[in-house]
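This document opens with one chain alone, in structure tokens, the form predicted alone.
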Amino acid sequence: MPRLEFKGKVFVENHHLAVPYHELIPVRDKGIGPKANLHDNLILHGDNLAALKALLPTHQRKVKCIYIDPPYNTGNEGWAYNDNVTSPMMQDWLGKVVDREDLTRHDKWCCMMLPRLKLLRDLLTDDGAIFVSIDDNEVHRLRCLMDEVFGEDNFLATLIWQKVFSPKNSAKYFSDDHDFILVYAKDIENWVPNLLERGEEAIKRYTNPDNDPRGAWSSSDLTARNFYSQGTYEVTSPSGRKFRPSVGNYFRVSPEKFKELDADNRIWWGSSGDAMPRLKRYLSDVRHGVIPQTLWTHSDVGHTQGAKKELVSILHFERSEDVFTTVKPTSLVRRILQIATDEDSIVLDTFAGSGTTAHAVLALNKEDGGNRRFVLVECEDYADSITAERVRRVIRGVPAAKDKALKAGFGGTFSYFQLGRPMRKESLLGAGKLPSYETLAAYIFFTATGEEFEPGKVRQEDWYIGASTQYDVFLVYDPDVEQLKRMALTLGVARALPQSGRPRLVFAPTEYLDRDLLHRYGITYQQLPFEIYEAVDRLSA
């Protein structure tokens, strides 16, 4: 397969592997709900590459649908690549703001996108799909990158979205009326699109002029230009007129099949019985839905001007410059969700902007009773004031909204997290010492459960460090090297653990129980992180 080469690629091809896991620090007063939880709807504030890595312990292979709207790299956005690539030369080159005068801006954009796409792929379910908005500036490079990351065989479609409803007469050459959305499956053999509801206008085309007992129907041409050796026969209408396909066309069914259809009143010869035959298709056979098409008009999924007005009506911007210039319509993202999610899917957007994806998820859940969850990542300072604030308002209701559902509020909760320090071995094992009991407990509880750690719940005397949705969690550990060497999950320890009737997740240096005993005591055993043993060896040397 051809590969896209660009400056800096050798430094970023495997950069996603070197990105450390970061702490995700809950900020309770910025969310809506009783307790911060990584299994809730999420808004994460911080660099999206680090955030993607931080999500892996809890969301790897669990995200059904990804929608992202990355910088289009027009030269006007003023973005800068800020990933911590180790090469000093690369840091100096990549760290500068990208503008139209930067002759390597396309290389930098590819350097920014490649590691993110690789982590996004890791988060997708095997039957999931990713949708990426883009325009002419980078669509060809993005296609090459996604072929490389997702595999060209997993390409599904290039959607064309008509983003404006009238031509721009100020354009120099052509009015730029559309954007693209590239769509790839994690595994095309496992991905099946949901069919869309048939619109009212399409339903109106189904009538019943011959009072067919099977109900309303529409007709379609029985001929096609594709060669068919049995498709050159002659047919006779009820009025006696004879018909053959025109030159270069062929009937799409065999003579025997045609007679069978005609006998079953599935051939329409016109109201007078003397027209070229057409095939009847009944509304009852197609009511279950229509396959998604690749051309999306503004009348179907909205346009940018309407998206800006919607955002202004929700957030009441006082200055026009506060409004995003590239807001996507809620109806656009909603269409994606209708095609690519079921009622319990997780939806991820790592270039969250104004929070349109969360709005669309909540609105669709309200409409169909679904329980979809969103995960948004936004690195800019407006993550709270715009992204999260929009979500708060659509949950609680927008009194001035024209839409009744939005006016009443969609309901729901979300947890707000701030990206914290990297969970590096050096920060866990400060100054060459083993971490304190509480420090390691916080690290283990979070990475194992994805839920908020509460230090006040820790009871070191019986190894209890907290309760997750699924488990009571225990940590058999001591920061003293000699003590740690003698520790294990033994039968005595298992019997002494507090019982609440819930499954127990136990971390320990080692265990001396067989599978039957672990099952009898309701224990799932996990060994302590490898870094602890590395530190023990170092301290013992």
Ligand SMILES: C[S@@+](CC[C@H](N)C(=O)[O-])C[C@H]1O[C@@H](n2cnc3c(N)ncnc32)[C@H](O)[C@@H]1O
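All of these numbers come straight from a predicted model, not from anything done at the bench. Residue indices: 1-based, along the sequence shown.
Beyond what is shown, the protein has a form predicted together with the ligand; the following relates to that form.
With the partner removed from view, the residue among Thr232, Asn190, Thr326, Asn194 that has a non-hydrogen atom within 4.5 Å of the ligand in the model of the complex turns out to be Thr326. Listed residues Glu511, Asp40, Asp472, Asp69 were compared with the ligand in the model of the complex; Asp69 is the one with a heavy atom within 4.5 Å.
Proximity to the ligand in the model of the complex holds for none of Asn365, Val394 and Phe414, with the criterion being a heavy atom within 4.5 Å. Taking non-hydrogen atoms only, Cys379 approaches the ligand to within 4.5 angstroms in the model of the complex. When contacts are judged by a 4.5 Å heavy atom cut-off, Gly31 does not count as touching the ligand in the model of the complex.
Put simply, Pro292 is far from the ligand in the model of the complex: not one heavy atom of it is within 4.5 Å. The ligand in the model of the complex is approached by Gly355, whose closest heavy atom lies within 4.5 angstroms of it. Here the chain stands by itself, but in the model of the complex one stretch of 242-250, 380-388, 172-180, 264-272, 380-388, has heavy atoms within 4.5 Å of the ligand. Contacts between stretch 33-52 and the ligand, counted in the model of the complex as any heavy atom lying within 4.5 Å, involve Gly46, Asp47, Asn48, listed in sequence order.
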